[in-house]
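So this first bit is one chain, no partners, the form predicted alone, shown in structure tokens.
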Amino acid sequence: MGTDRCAYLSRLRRVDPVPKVWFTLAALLVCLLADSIAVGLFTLAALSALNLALGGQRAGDLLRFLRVPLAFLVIGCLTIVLRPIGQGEALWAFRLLGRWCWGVTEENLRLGVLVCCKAMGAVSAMYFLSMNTPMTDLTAALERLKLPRLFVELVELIYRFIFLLTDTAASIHTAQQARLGYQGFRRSIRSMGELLSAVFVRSLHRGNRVFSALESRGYTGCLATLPGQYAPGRWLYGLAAAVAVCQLLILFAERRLLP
């Protein structure tokens, strides 16, 4: 998985994951609660810059990961910006089938841009955590934060079953390609349908085998792991406060609360 590869190669790999969790949550919550385009853009720029500077991530990898949510956001925000309108003023409008009037108003345009900026700022905050913290360290941090043990166990098992699902799908896809299952559009659609119908059944069987293997090794509902050796990351608390202060100053300036 791409983010896992980046996390294990990150310069922050050996830093205590708990401060990284709190740093991400602080930036994420302020970005979402501020309800500001400028704060969203600042969060996106600041967290991306910190990801590159502190984590040592490559700009190409970060841009590649950011393109995935951006594609969904563009499609989703179009449904916010382009909507049926009444007789009021519109920045741009057209008639659909000669009956319904669709267009873009200033309010809808601002709302669409706001949603996109807030979402991308939140995504950049989550990428700072996922690209600098392996999942094993993250689950250990969640346990240290006193989250319910059942929740942590479910996170670990779901994470494991993601790899089972992708491995099963890749094996079936390779077998289909070897039998020329993707030669032509109609055959490709049929092969894809057969893949989707078979992957969940085979993954269920493999999941049962994994659970049986856990039980044979003494699994009693708790995955015991040794704690890692981490460098103290208290400086991240100060960095989180600095980022939050900058976010709030930008919010106040945008709302003209500062001269």
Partner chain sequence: MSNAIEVQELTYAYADGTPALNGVSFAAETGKVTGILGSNGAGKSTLFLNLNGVLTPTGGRVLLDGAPVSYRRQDLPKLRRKVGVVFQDPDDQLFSADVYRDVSFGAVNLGLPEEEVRRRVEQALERTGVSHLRDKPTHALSYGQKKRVAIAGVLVMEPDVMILDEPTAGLDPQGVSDIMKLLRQLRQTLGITIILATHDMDIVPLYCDRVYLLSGGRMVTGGTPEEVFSRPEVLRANQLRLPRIAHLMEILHREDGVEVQGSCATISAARKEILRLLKGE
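Numbering follows the first chain given and starts at 1. Everything quoted here is computed from the prediction, not taken from an experiment. Note that the rigid core is defined as the largest set of C-alphas that superpose within 1.5 Å between two forms.
The same protein also exists as the form predicted in complex with the partner chain; that form is not shown, yet it is the one meant from here on.
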Exercise. Which listed residue (54, 38, 66, 214) meets the criterion of a heavy atom within 4.5 Å of the partner chain in the model of the complex?
Worked result: 214
Exercise. Would residue 92 show up as a contact with the partner chain in the model of the complex if we use heavy atoms at 4.5 Å?
Worked result: no
Exercise. Using 4.5 Å between non-hydrogen atoms, is residue 45 touching the partner chain in the model of the complex?
Worked result: no
Problem set entry | in the model of the complex, residue 110 touching the partner chain (heavy atom, 4.5 Å) | no
Exercise. Heavy atom to heavy atom, is residue 8 within 4.5 Å of the partner chain in the model of the complex?
Worked result: yes
For this session: Select from 145-167 the residues with a non-hydrogen atom within 4.5 Å of the partner chain in the model of the complex and write them out in sequence order.
Result: 156, 157, 159, 160, 161, 163, 164
Exercise. With the core lined up, does the C-alpha of residue 158 move 2 Å or more between the shown form and the other one?
Worked result: yes
Exercise. Residue 213: CA shift of at least 2 Å between the shown form and the other one after core fit?
Worked result: yes
For this session: Compare the position of the CA of residue 130 between the shown form and the other one after a rigid core fit and state whether the shift reaches 2 Å.
Result: no
